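Next comes just one chain, in structure tokens: the form predicted alone.
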Amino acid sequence: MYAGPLVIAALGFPWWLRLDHFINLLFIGLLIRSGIQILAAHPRLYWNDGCKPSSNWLNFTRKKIPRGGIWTSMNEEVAVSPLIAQPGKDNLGLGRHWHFFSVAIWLLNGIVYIVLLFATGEWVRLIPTSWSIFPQAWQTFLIYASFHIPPLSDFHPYDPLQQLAYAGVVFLLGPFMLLTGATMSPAIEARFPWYIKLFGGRQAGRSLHFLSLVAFIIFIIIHTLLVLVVRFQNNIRDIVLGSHTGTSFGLALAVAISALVFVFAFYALSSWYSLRHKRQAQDALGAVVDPLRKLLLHHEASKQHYEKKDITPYFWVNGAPPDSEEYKKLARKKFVDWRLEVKGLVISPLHLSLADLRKLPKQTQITKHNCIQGWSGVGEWGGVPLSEILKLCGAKPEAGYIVFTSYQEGKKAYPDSEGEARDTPFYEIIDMRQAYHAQTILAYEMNGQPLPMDHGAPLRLRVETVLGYKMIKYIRSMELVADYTTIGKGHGGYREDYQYYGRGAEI
């Protein structure tokens, strides 16, 4: 039970509300900073899922796509200063780790806030209970617009405009950001195609998510400005000490400044540590993010069934084709000498040609490709279900993962790679659950034609519940193993090992 509106309005701000406000401040900043890092990986926004560069409605890059040669989506990525991005520079993988970690804590903090809001009766000061709030808020807006301050009697403890704005941010804008964020999950899109359509498609959801970010930033700026100019001393004592009566302004100001110093120091130190110790940051943040991702999304299977009219004429390329003499020789002969090697924990090792694969049951599917950088495209893929290959080779019970290797090297898959990463053959790993998904195939056709070289000829993997970086191209071999931690640097693939991406790619 709660004491009633009149009694509640006379009370100060409880400790849990003030603590929640501080936690929200810290993590909404992390979300904004890491969101900027993610946006920088493909700094274009669209209202269509085809993502043709000329169709973007907004872009944040000065890079020009050349007329000749290959321009991949990796070339689009721009480096961002650690002053505004988390962790900064061109670190999409770590930016995503920070974003999803911050989402988890921010959401938990929000749930605790809502529960306590209603359990303690504090909701009566925040949620409007009469339609009269709208004309009152308009009158309050006119007062502010005339550079005056509403009378003290208008604050209960918020004036009508504040109350309407705060309620809108808590119960509308915050949930809307979560809902639009979910549109960018390939697992959700694959399992619930109808959900994405509610927002006009994946790219419309991404654009709406960005606009929500802008709305949050505008709210924060105006909110902070009003705190500073409208009864500043009372506001600081309310925010920090819970009440502006009988409390010390000096103490409140000192605590407020200390809290802000802590927040900005945390941003600076966490960015510095992430850039200096990338593997440790990946592991620490992944320890929170990975179990949640696996629990909520990993079990989902794709139910996509797009139509031919949905196929997008433009389809971004990610990573340049291999340049080794071995691959070029195979390509010149139209891959007639190419063989897929199947080995590891199998009863019957295989060496399959393209002709062999074409004799196996063929599956055609029209699905949406979602790149980790942000772009998407719908294509028709034809090939053999991976389950048919596993049936043919006889996967042993102890096999837990499949390691796919590529003719592509790191320098082609990741243009800015250095040292060991440049010459390391590209590889990715999926688990057996994903391997047996109905829409997991080894594709040798795209849009009714032999798989183009730019998109992975002669063979590429399609796993429709994950991001594109897991769908390895230019496949050389597949090996069934019990554990992936002994492969490469032990994080589940090339991009996980060298670009610090998450092993799971369902979001």
Ligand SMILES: Nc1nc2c(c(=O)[nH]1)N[C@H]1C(S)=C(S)[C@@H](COP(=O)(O)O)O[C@H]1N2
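Model, not experiment: these values are computed from the prediction. One rule holds for the numbers: they count along the sequence shown, beginning at 1.
The protein also exists as the form predicted in complex with the ligand; that form is not presented, and the subsequent description refers to it.
- With the ligand left out of view, the stretch that reaches within 4.5 Å of it through heavy atoms in the predicted complex is, among 245-253, 310-318, 430-438, 125-133, 310-318.
- Under a 4.5 angstroms non-hydrogen atom cutoff, the ligand in the predicted complex has residue 460 among its neighbouring residues.
- Within 4.5 Å of any heavy atom of the ligand in the predicted complex lies no heavy atom of residue 31.
- The ligand in the predicted complex comes within 4.5 Å of no heavy atom belonging to residue 187.
- Though the partner is left out of this view, residue 443 does not reach within 4.5 Å of the ligand in the predicted complex, counting heavy atoms only.
- Comment: the ligand is not present in this chain, but in the predicted complex one of 371, 208, 352, 161 has a heavy atom within 4.5 Å of it, namely 371.
- For the partner-free chain shown, 454, 455 of 434-457 come within 4.5 angstroms of the ligand in the predicted complex, judged by any non-hydrogen atom.
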